[in-house]
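What follows is one chain in structure tokens, specifically the form predicted alone.
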Amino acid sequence: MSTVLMLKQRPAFPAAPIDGSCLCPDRFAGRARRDVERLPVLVGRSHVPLADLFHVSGDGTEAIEVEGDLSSFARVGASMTRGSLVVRGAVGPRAATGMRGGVFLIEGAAGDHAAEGLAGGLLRIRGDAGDHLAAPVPGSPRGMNRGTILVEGSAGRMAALRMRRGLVAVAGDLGEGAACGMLAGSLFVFGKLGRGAGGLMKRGTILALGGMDPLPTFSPAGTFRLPFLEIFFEGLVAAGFPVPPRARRAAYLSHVGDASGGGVGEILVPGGTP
């Protein structure tokens, strides 16, 4: 059984987003419904009980379903370590910040800084994502460090900044500056990839199916058919993520860099015959 929350009405957008960090399986599990309804939610400078914003059905469990547009809520699913969270609507900034486990499904768009500091689990976004997807938390030298992010729409600028481990897959387009300072991990973009991807990259893999012009500090290393990619593609298909047939047929031209920082990462774009 799931705990079901229905937004009573979309709040008028406040000066600052509502803190939705209590919408998390770790906070709900084992609580009686009345205790769930009393969970404090920060709105502006005041705390209000959860029941002022949502109708709550069922006692607290590790499976939560939320109905409604949460675009004025920040930090939904923050620090999640277990269970499942489904939001049937959009969410605001910093969704899944600090997430370390579980499955978080957003059946709409996500705001800026989604999956900030992600360290495990699966975040799936059915719509678009904003800027700074999988960014480092403020003050941290590393971004995403394990876990999986699947975006079925497009995403904005500076995704996967200083990424350390894990997989980010974007079905649509991705903005400028993706994977800058990447330390390791995999970024797959099945649409167009913006300029400046992989700047100061150390290791890791960027796949740009829609093509791109790598920075001049990346050197062509030849065209290959890469069997290891099929392992990733099979996993994505098994998860129901759209993998274009062309991605599986293509040979890829590898560019290695960023040489300006001694990096040995690779950017893969469809090439000719190996």
Partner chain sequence: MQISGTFIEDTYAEAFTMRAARLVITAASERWATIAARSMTGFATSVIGCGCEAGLEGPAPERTPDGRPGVRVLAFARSSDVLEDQLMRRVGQCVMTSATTACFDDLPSEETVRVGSLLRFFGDGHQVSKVVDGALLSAGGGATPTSRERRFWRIPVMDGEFLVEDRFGVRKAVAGGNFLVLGRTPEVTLSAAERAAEAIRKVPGVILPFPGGIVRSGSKVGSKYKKLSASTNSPYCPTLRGSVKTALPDDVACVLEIVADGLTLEDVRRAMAAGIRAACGDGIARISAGNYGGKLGKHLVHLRPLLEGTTG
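Because the structure is a prediction, the values reported are computed rather than measured. Numbering follows the first chain given and starts at 1.
One more form of this protein should be noted, the form predicted in complex with its partner chain, which is absent from this view; the next part is about it.
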Query raised in the report: Does each of L122, G185 and T205 have at least one heavy atom within 4.5 Å of its partner chain in the predicted bound form?
Result: yes
Requested in this report: Report whether the minimum heavy atom distance between G156 and its partner chain in the predicted bound form is within 4.5 Å.
Outcome: no
Report task. May I ask you to state whether D258 is within 4.5 Å of its partner chain in the predicted bound form, using heavy atom distances? Result -> no
**Report entry** Interface membership of R88, its partner chain in the predicted bound form, 4.5 Å heavy atom rule
**Finding:** no
Query - its partner chain contact in the predicted bound form: L215, any heavy atom under 4.5 Å - result: no
Query raised in the report: Residues in which of 22-30, 39-47, 63-71, 236-244 have heavy atoms within 4.5 Å of its partner chain in the predicted bound form?
Result: 236-244
Report task. Would you kindly say which of L167, A109, A135, C180 lies with a heavy atom within 4.5 Å of its partner chain in the predicted bound form? Result -> L167
Report summary line: The listed residue (R126, R142, R146, K192) that reaches within 4.5 Å of its partner chain in the predicted bound form by any heavy atom is R146
Query raised in the report: Taking its partner chain in the predicted bound form, which residues of 218-244 have any heavy atom within 4.5 Å of it?
Result: L226, P227, F228, E230, I231, F232, E234, G235, L236, A238, A239
